[in-house]
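Before any questions on how it binds or moves, here is one chain, the form predicted on its own, in structure tokens.
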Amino acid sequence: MRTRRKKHIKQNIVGYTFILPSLIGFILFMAYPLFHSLFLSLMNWNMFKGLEGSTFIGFDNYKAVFENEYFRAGIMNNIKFVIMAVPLLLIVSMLLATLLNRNIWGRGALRTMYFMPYVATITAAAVVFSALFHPEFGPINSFLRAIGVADPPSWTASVKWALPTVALFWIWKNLGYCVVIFLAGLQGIPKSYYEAASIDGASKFSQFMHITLPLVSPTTFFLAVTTVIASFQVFAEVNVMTEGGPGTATVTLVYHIYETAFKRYQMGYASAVSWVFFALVVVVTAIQWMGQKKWVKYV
């Protein structure tokens, strides 16, 4: 009995030794900064003076968050961005995955082509995308003028078009990832379902609506949750392409946090925005989780 207990303790020690580096990393780089930011959100903290130069102000930072024009603009832009980008990304990637799941010519090359933007450096890709959509010298507007569009959009220089242009870039960048995940979901559907439907005379469209869509719904739900969270976190695209402008047309919450924390050094206020942002993402994810019971089919 005692020998078995010693062996059990020894196995536990070996197991904890394996997870110890990851646990230390999690505590140092995730847990501690998380709770320290909660502490900072209640302080008026000057990062150059340390804790001696800070004062406890309670929930004043949180009051200032909701009174700030840039925060309100950021949250509205985030909502618009999610509505514009996520449904279009999921629909296009689903259709492309369905096409690439068939035995078409050049399927391997097409899969690689769609996945390449996802592994490209986001800053370099954003610079290239900005050049393509340059209002005066970009090839997109040159093409539009060539086909007779007299006054093409100013894209990132336009209050009306800047956010859709950033959303378009974000969709292009993440399309390959979603296509790969949808392909994995599609290849998990048994072919016998389609064979039985064909024998019954069901059309390809009917098979897609009544077999493919329901059976791939868990994959769609996974992508809906992860892409909504990712779209709320959009930052590098905004920072490189527009820097939040023109005006407040492309200011997002993460860009607002970056600007107040690392340009204006208002760490307490930025921490408060971060926690409000965290609460917003949790609420949106919880709503998605509750809603999935009505449309996701688990076989």
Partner chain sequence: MKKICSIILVLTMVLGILTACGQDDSKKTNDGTKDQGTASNNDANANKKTAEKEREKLIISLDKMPEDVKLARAIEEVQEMEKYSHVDFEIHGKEADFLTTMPITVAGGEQRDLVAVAQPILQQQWADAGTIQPLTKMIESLGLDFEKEFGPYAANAMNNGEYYTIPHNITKWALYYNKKIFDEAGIPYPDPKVPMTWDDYRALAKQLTSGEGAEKKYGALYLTWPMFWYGEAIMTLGGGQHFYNEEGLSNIEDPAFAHALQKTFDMMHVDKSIPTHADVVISKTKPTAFMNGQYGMAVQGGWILSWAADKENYPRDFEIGIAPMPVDEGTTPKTWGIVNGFAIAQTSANPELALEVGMDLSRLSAQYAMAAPEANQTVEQNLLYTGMGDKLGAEGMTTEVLLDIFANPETAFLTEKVTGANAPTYEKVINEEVEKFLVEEQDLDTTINNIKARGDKKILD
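We call the rigid core whatever largest set of C-alpha positions still superposes within 1.5 Å between the two forms. Quick caveat: nothing in here was measured; it's all calculated off a predicted structure. Residue numbers count along the first chain shown, from 1.
There is another form of the same protein, the form predicted together with its partner chain; it is not shown, and what comes next is about it.
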So which of 186-194, 89-97, 201-209, 156-164 is the stretch with heavy atoms within 4.5 Å of its partner chain in the predicted complex? 156-164
Heavy atom within 4.5 Å of its partner chain in the predicted complex, from candidates 59, 265, 32, 56, belongs to 265
Let me know the one among 20, 290, 279, 9 whose heavy atoms come within 4.5 Å of its partner chain in the predicted complex, would you? 20
Site test, 218, 221 and 231 vs its partner chain in the predicted complex, non-hydrogen atom cutoff 4.5 Å: no
Using the partner position in the predicted complex, report whether residue 105 sits within 4.5 Å of its partner chain, counting heavy atoms only. no
Does residue 240 make contact with its partner chain in the predicted complex, using a 4.5 Å heavy atom cut-off? yes
Does its partner chain come within 4.5 Å of any heavy atom of residue 258 in the predicted complex? yes
Would residue 44 sit within 4.5 Å of its partner chain in the predicted complex, counting heavy atoms only? no
Large Cα move at residue 22 between this form and the one not shown, threshold 2 Å, rigid core: no
Superposing on the rigid core, does the Cα of residue 290 end up 2 Å or more away between this form and the one not shown? no
Cα displacement of residue 279 between this form and the one not shown reaching 2 Å, rigid core superposed: no
